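Listed next as structure tokens is one chain, alone, in the form predicted alone.
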């Protein structure tokens, strides 16, 4: 794995059985993207997330197996990407707590899923938090930990998930600010506007919640039966039919070549009978799914092989990234080896540390603007607003290096730090500069 590559992270919730909509909308494009040479891809089974809604242990286990087998059968290569189970990386849970301690409750109050639950309770005259678990409320923090533990650059999501990426950025930024260093990369949401969305058996969006799905690896006979049950209108053979808004045509299109799609559109215009049309749809879908189904069935017959793949992926990933990084974060928050504290042998108190000279650090953020901050050792004293050019930021730093904190709006004092304390730090900075001359 190459650290210079763009890190792309995808979570797969282990609930339910994958269907054709999942395949064309998520699995197929994600696996194609995983083959890019300029990306380091992370794919994980979000089994901890699934516990928020599913509390059937056997179903959770079965779904995890089915979804892992589905991705592997569809071509995900564990030798090329990181493929792991969320619960096999305990550092994710530890980071969740670190982030919980910096996350603002006000931000969590605005999370879409929590707000929807509260609104539903209000509408039904219930207490606002009736039936709302802490797991549902804290879901965005766990998701943030999933992303930040590996410092992902991009996270492919639908538009309804953009808020979670923004929250992960906020948690990471707050931690960086409090502990005075850029520990976390701030992730970007990667939204594919061209992602395919399939209609289900009843014409609505294919979704388990509507009970209108076609299981991805349904046996051939069941697949045919389900395709033949898809909703169509009453136009008879010989009557021209519209491709626009036709679930049957849409399903054909996502599995066919451009030439095949054009021919099928002509057949619609020529009045193809619905029975003939459904037969063609079944055959074009089964052409692609049949070899995948065969691999899926072989994988499902040997669950122990999948377990080995997931555990191996987690073990290598922990050793490479998660364990060293969480050790660094433990040090940052003060969960340290006590033997490293220097004590005065006589008084039994901590010996005075060597004087730390305050320093200015300049940097550029993802918004393109230039910032500076004043540090004293590991402690953050202040951060600046964004400047349009490094020269502007440098001028402001130069002025502050003269030794006085001017009260204006181009900086923010860190939590718990007063202007007198910063002035004292600046005086120490000036004294250190004079001592070197």
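Positions refer to the first chain, counted from 1. No experiment lies behind these values; they were computed from the predicted model shown.
FYI, the form predicted together with tryptophan isn't displayed, but the following is about it.
- Residue in contact with tryptophan in the predicted bound form (any heavy atom within 4.5 Å), chosen from 71, 139, 175, 255: 139.
- Among the residues 89, 147, 251, 99, the one placing a heavy atom within 4.5 Å of tryptophan in the predicted bound form is 147.
- Partner proximity in the predicted bound form, defined as non-hydrogen atoms within 4.5 angstroms of tryptophan, places exactly one of 389-397, 367-375, 41-49, 56-64 at the interface: 41-49.
- When tryptophan is considered in the predicted bound form, residue 155 lines it closely, a heavy atom lying within 4.5 Å.
- In the predicted bound form, at least one heavy atom of residue 9 sits within 4.5 Å of tryptophan.
- By the criterion of a heavy atom within 4.5 Å, residue 17 is excluded from the residues contacting tryptophan in the predicted bound form.
- Contact check for residue 143: a heavy atom falls within 4.5 Å of tryptophan in the predicted bound form.
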